[in-house]
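Taking the form predicted alone, here's one chain by itself in structure tokens.
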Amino acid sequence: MTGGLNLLREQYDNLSACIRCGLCLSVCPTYQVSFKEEEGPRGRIAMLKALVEGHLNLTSDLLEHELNCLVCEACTAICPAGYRMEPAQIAFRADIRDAAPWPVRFGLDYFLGNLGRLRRLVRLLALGQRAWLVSLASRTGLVDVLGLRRLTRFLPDLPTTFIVPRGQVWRPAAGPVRYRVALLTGCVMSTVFAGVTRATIRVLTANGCEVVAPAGQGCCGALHLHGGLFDSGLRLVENNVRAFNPDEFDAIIVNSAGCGTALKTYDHYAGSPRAAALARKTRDVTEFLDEIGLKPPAGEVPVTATYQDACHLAHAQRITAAPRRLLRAIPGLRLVEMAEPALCCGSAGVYNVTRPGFADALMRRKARNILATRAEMVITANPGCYLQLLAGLREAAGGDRPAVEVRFLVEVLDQAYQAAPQAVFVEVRG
């Protein structure tokens, strides 16, 4: 323990809300894989409550079952009594010393806590990809010697140029400005997925938005909070609260489901009126485009696609219909539903690195469901899901190329807009 169960004790009323009805077992990913009570929400709640009451000691067995929770919030979404798993798990992990392995703690603090270091790391990996060094290390077995074989399957094609928020403003090239929005560029979305964030800016400006990237912003802190690095996560939360002035914008736009959930709960951690205002104005990009009424794309995307619900979009933010409405508005795109679209893919931040057993089982189950649709493309709205789907579909294909193309929803929208013959959408100011 780091200092007792102080934060978990504050969750006692939340833990007591559970009425043990068992509805949560029908949607819990780890229960659906194991069918063990201790790997379901009801069992985890009972253990945490008994721990607080002093009926159980903190054993390695108890710790294993609690840390196996993906914090996907499926149980929260279905609970008739109002129990919330995420704050309970964040509190428990904050009270536990070394809730995540030291390499993960180091990586989160050293790289995500300092985006300059993260950009240098991603650029180095990208240059290694372009020089075929990553492929060479894989073929020669060097990645096995270094113990990195598992990580290489998650690696997408990396960019060498990134989005560094300095207060830039992007305006529609033509037509009036309907909304002024701030964009969370974040950590992974501004580096690994910088192209997706550029697509987000183009789609927003195509819909009449002036887009601002406030200076000083950084990682949202969600991975730190879930990994037990509570103090580090809180510092990142407070940094973003300082960087974003919600009074200046119609909305704070986020293009990562996990980050959006974090921002929408900033008032729980920062506790200031400004944090509460930021939380109220935060919108997932799919939610916002659906709310303002999507400008119909002129170009076609002739593809059969299926949509995978990111847990923190579907369960935490309760956004499931809006992404599908946007996809159905794209000319030429045929949307087919997969089985279990909202069952967690097993990514859950860094869970696929720290808990490979459950993560791989869920990844393969998701890949089977995607392949069964015979879709050419699977679409998601979260970077962790993207990487997990990429890994699962690569494994299914038995090579480096995935069996089905993996895309972000805003990328597909951007493709439809860019396909219009005379399309010019963005001019950059600042």
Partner chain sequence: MNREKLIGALATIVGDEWVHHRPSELVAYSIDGTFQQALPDLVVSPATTEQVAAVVRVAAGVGMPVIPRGAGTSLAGGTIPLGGGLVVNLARMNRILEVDKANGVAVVEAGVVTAELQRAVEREGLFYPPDPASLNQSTIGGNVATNAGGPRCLKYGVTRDYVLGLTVVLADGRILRLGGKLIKNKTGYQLAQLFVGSEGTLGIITEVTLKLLPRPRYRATALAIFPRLDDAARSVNGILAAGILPVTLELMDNLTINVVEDYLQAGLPREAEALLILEQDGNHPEAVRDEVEQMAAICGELGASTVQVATDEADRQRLWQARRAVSPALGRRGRNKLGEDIVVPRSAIPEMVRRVRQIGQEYGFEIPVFGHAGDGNLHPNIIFDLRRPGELARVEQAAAAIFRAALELGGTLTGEHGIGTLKREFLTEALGPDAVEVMGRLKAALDPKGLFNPHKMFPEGDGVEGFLRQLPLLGTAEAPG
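Residue numbers count along the first chain shown, from 1. Quantities reported herein were computed from a predicted structural model and do not represent experimental measurements.
Below: the form predicted together with its partner chain, not depicted.
Residues placing heavy atoms within 4.5 Å of its partner chain in the predicted bound form fall in a single listed stretch, namely 56-64, out of 401-409, 373-381, 56-64, 388-396. Residues 303, 307 and 324 are none of them found to lie within 4.5 Å of its partner chain in the predicted bound form, as judged by heavy atom distances. Taking the partner from the other structure, its partner chain in the predicted bound form has a heavy atom within 4.5 Å of a heavy atom of residue 34. In the predicted bound form, no heavy atom of residue 273 sits within 4.5 Å of its partner chain. Although the partner is absent here, residue 46 sits close enough that one of its heavy atoms falls within 4.5 Å of its partner chain in the predicted bound form. Remark: residue 81 counts among the residues lining its partner chain in the predicted bound form, judged by a heavy atom distance of 4.5 Å or less. Shown here without its partner chain, the chain has 12, 13, 16, 19, 20, 21, 22, 23, 25, 26, 31, 34, 35, 36, 37, 38, 42, 43 in 9-44 lying with a heavy atom within 4.5 Å of that partner in the predicted bound form.
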